[in-house]
Ligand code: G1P
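One chain comes next, on its own, written as structure tokens: the form predicted on its own.
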Amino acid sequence: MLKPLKKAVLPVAGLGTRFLPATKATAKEMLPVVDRPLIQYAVDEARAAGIEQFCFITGRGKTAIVEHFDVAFELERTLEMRGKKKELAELHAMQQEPGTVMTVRQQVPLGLGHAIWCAREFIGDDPFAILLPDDLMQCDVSCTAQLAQAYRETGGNVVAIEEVPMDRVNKYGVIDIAEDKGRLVSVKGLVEKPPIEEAPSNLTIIGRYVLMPEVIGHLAKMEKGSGGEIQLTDGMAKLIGTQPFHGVRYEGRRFDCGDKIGFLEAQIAFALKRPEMAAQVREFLKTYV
């Protein structure tokens, strides 16, 4: 019997150097897209998939992320006194139940695999989701919910995948296809940032995963991979053959908000999805394009 998927790990220890000076004193995950920070989109996406417990892998200067999900008594009291019911309801909707959020410090940036290993006590013996907040998803059905559904169908490990041009595969983790069933792809191998001429396909992993806890045992060996870092992809690859492993062609769009152009595109795309501002956004865009 499959264990239910109730836990999510969100690595948020990065320095955000590509967004300096904006991120000098502000966590990059707190940069807003329209009126919500990136971390809020990721948590909301996970909650839509039935996730109930969250672990933030933090670094120095990331306290604002935790405070964002805390209760702000003075602010709520002020909103209540001013009759701002809509704003108050939005704050209440984003708050987490007591005891459902924990943080773990990644003291040294040794790679994504190391960050996930830091959450080992939180993960325990349970399946868990990983959401990288830099990948902002715009989906009718939560991307994590799509992975959760695939997990219930197949068991084992499930990752979100998308096709990229072959000249860009060296920037991603790439899957080696065992069987392509359309929405679901059976995986026989994984390669982190391969040379273009050696890439087994152009199907790449994006920042959404559902993994079995056995991956922690492989990450604990602290084996360095691409870039001299402890790569999550390498740990996942060692699960293949011992557990089911599938890629899911998710339905929706991904915006790379670790990149300035991707971040700007996300601002426009998400604003156009808001009925109260879409018309005005379309109108002012005519001024520039």
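Throughout, we count residues from 1 along the sequence that is shown. As the structure is a prediction and not an experimental result, all values here were calculated from the model.
Just so it is clear, the following notes concern the form predicted in complex with this ligand, a form of the same protein that is not shown.
Is the gap between P127 and this ligand in the model of the complex 4.5 Å or less for some heavy atom pair?
The answer is no: P127 has no heavy atom within 4.5 Å of this ligand.
Give a yes or no for R254: in the model of the complex, does one of its heavy atoms lie within 4.5 Å of a heavy atom belonging to this ligand?
Yes, R254 is a contact residue.
With the cut-off set at 4.5 Å between non-hydrogen atoms, does A115 touch this ligand in the model of the complex?
Contact with this ligand, no.
Y172 versus this ligand, in the model of the complex: is there a non-hydrogen atom within 4.5 Å?
Y172 belongs to the contact set for this ligand.
If the cut-off is 4.5 angstroms on heavy atoms, which of these, A119, M212, I205, L219, is the one near this ligand in the model of the complex?
The residue from A119, M212, I205, L219 that makes the contact is I205.
I need the one stretch from 83 to 91, 150 to 158, 132 to 140, 175 to 183 whose residues put non-hydrogen atoms within 4.5 angstroms of this ligand in the model of the complex.
Every other range fails; the passing one is 132 to 140.
Could you list which residues of 221 to 252 come within 4.5 Å of this ligand in the model of the complex, counting heavy atoms only?
Those in contact are Q231, T233.
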